[in-house]
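To begin, one chain is listed below as structure tokens, in the form predicted alone.
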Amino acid sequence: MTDLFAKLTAYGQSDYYPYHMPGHKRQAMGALVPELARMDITEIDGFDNLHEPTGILLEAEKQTARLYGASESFWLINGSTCGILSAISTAVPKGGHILMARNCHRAAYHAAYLRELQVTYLYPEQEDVFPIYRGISAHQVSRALAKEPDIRAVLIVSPTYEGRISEVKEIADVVHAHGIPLIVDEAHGAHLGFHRACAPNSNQCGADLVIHSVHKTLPAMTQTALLHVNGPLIDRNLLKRFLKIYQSSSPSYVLMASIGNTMQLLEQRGAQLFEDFIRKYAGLVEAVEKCRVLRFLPMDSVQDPGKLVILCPDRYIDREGDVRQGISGQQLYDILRDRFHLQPEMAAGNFCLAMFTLADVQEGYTRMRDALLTMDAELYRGVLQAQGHTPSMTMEQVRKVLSIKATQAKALKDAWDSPTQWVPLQEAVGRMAGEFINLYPPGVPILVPGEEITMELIEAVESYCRMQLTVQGIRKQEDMTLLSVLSE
């Protein structure tokens, strides 16, 4: 694997004097870390150009494609966001029609807005025990394409934020039978396909465009990502045009070196690293399955290893046989962080999520195991209780929110450019949303501009606010919560 990191390090230690950008001139001024300053260069001789690669970066991208089983791969330094924007813009003509999963990242919605697309949503089904979405099935896609034959591309998310994997190979077969491309937002699956315990990646399953966030589940720096392309349905030149539009014209060599370092690790030590990771994670799952109150998603064939989803039931039976109220996802999150100094990835209404990767040391597994077993024992004994904590939505209420299918009263491309006003939540019922309302993370919209606001949706927003979850797209004004609506 081409070692960009080593080349940058050697150059930083050389006697070449920089009469070029960046302005720090490879000097550690202020609090800037010297090692980073020496590596942070611009497109000078010998270091290629990410937007028109012909040398070291071109070779690195070719090696990345071979590693992932893709026809062609592109390094991204504007995150998976620019990969999603570029993929959709390339696959669907302006004003065209896209079929996409409702649980897509907000970047997909931004692409639909910028390209003035008509959007039809695929609503994933819910899991039986956990209040989360399953992956998308091939049957759902087939049914939707039969109903709307003018769809020009399909976009799904796999794995989901919680680690659920879709029927990618079967979906690819269905989509290709209609002569259109499949885009897979596999941002959370850059590690897939490298171990028998992990699902194959979507390149291996036949997808046309696949987006990976290298930084999410692999040892790379934040903002690093990959975009892979396969098959004859994607115009490569058009894709490169959009990558130039959505990526910085001054790509960071520090970030690119981070991608290269990760690819080198996968190629040289991937088998050993993944074997160690799966062994430690499986040990953690086996240990916490002894819990009598807390629940965890099993390591089945459609679950991505490393995504530990921790749930406490609404009601449970304690040691004395009494019925007790469970604690919320936010409370689980807060206890892990404040008491045990373990920082989870996110909290939702009824569960919290902890992520494990190749970089986790044994201490990370041991401390999480001990904390969860301690919390479970205290819940079972009635020592740890929900009283005095922020109220939670019941499982039934969360399922009801997840099942809501908003009505698009006005197209996104028109609604987001329309005049808006801010009104109290209760006054928004019956109006059209003027802004995206997201529960963050993961950034999946509760409401999209132009969608009709119902009382069910208002109650969902109110519940999330009471649980102190991060709801984006609302405003707080004294004791009121305001929502953006289209002006009447």
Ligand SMILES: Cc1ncc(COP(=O)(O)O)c(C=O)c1O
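Please read these numbers as outputs of a predicted model, since none were measured by experiment. All residue numbers refer to positions in the sequence shown, first residue = 1.
Absent from the display: the form predicted together with this ligand. The rest refers to it.
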item	value
Interface segment, criterion being heavy atoms within 4.5 Å of this ligand in the model of the complex, picked from 267 to 275, 375 to 383, 85 to 93, 211 to 219	211 to 219
Proximity to this ligand in the model of the complex, single hit among 324, 105, 115, 295 (heavy atom within 4.5 Å)	105
One residue of 350, 80, 230, 166 in contact with this ligand, assessed in the model of the complex (non-hydrogen atom, 4.5 angstroms)	80
Close approach of residue 188 to this ligand in the model of the complex, 4.5 Å, heavy atom	yes
Sequence-ordered residues of 131 to 163 touching this ligand in the model of the complex, heavy atom within 4.5 Å	157, 161
